[in-house]
Ligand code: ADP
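In structure tokens, one chain follows: the form predicted on its own.
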Amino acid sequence: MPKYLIALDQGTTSSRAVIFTPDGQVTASCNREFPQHYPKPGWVEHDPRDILESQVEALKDAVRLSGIDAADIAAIGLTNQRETTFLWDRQTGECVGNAIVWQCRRTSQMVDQLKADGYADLIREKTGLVPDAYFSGTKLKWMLDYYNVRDRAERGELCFGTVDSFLCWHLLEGRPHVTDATNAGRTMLFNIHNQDWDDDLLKLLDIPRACLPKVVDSAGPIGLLDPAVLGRAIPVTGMAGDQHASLFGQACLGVGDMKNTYGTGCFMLMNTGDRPVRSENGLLTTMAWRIGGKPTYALEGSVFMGGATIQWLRDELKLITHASETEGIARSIAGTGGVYLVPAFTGLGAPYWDMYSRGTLIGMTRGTGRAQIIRAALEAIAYQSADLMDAMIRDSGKSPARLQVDGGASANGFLMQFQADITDIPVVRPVVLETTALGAALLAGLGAGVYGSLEETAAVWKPDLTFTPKMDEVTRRLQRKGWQKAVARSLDFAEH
């Protein structure tokens, strides 16, 4: 019986490959960074060849580092940066231009026009998404227009896809043109209710159905890795966008289960089961995964400035040299002395959605110093995440028993304890913090029959440390009230 599962984790700045044993232990991991391209202000691109080459290099290096034989690999799973858009020739595999990255804002005016024309509710009703340049649909329309290739797309000569789709076409035997339901759900073209590309939305954006990939389950046979890569045709049996893979890797399989990933920003997802919950509080309704043809849904909210707030302390304010210093500094004082930092440097997301809010440091006195500001920055990440949690509870009617965490900043013990205190919910950090890669590996294992059920995949997840709330209710309410006052001061500040 093959012994290992491999996750290909294709991210915004690097491509990774992680090898797991079926019980979730990391055998080897390799990472390959690649260049970012900024051709104009607000534009972000990737060279598709960099994506492909860095991912293949990471895979080969991980296998070589581990010392395992390709015959010992049971299956491969893919997880990826979402929304980044590719358009390539179905015969040659050559892209018509660089990939347009999820961060790119070049189609903002197109989105503004869709809203002005009254299509926001239609898009939201069908896709669960708020119209935004973030998603793939307007990026694809831009490519078809800019490169003048709509006729070729209509004839089926071109393939559209997100990263998962692009990698499958280039790395699998027979070049399947597929995407999974989680990635399809981030295009603004996919109807999450009937699980198909939506004719009304395709017509709205003038996108030919002939260029779209087949939508497959997140776990199940997708194809075989080209033997030229590792010398053997290995089954590829799992695929999901990064935040969905993280939710699965955290074993958030029950309705109301919730995870938060602390990266550059923070991504919080709550499993809502077999029904999509429409948000009245600025959250997105999205796919969690699709297995056995059955969709599972989630609510999603994001904090724009998570770890990026700590980078700001380091790079702009020069208050720290390394992010790891912040925990000790925050613990060196009893509190911020009433100081709040609202890191609305690029506006505020859910539940406020104010693009004109700006960063605010408030409540300072003559006694305010470096430690208070650093502690306020860490607390701000927890406050923003608590706001998202409150919105999810209001929308879903479900209160989670715990918050499961991962991502780089989850290693900060002060931040995790404050998160537990300010939400009054235990925060659980797992043994394996690589939950995105683990989720992709578990989906692949499920799709390949390494695991016989969802319950068997959930058993792989192991808690490491639980942060139990210690703050009294009066203090919690006062601190949350102070945060809300600080946020109110930051709103609608920029000229517009």
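Everything quoted here is computed from the prediction, not taken from an experiment. All residue numbers are counted from 1 along the displayed sequence.
Separately, the form predicted in complex with the named molecule exists; it is not shown, and the next lines address it.
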| property | result |
| --- | --- |
| Of Ile73, Leu378, Ile192, Leu348, the one that lies within 4.5 Å of the named molecule in the predicted bound form (heavy atoms) | Leu378 |
| Candidate from Ala245, Ile310, Met258, Leu299 lying within 4.5 Å of the named molecule in the predicted bound form - any heavy atom | Ile310 |
| Distance check, Tyr262 to the named molecule in the predicted bound form, heavy atom within 4.5 Å | yes |
| Close approach of Ser324 to the named molecule in the predicted bound form, 4.5 Å, heavy atom | yes |
| Non-hydrogen atom contact Pro400 with the named molecule in the predicted bound form at 4.5 angstroms | no |
| Residue contact check: Val339 to the named molecule in the predicted bound form, 4.5 Å heavy atom | no |
| Contact stretch among 357-365, 405-413, 227-235, 118-126 - heavy atom within 4.5 Å of the named molecule in the predicted bound form | 405-413 |
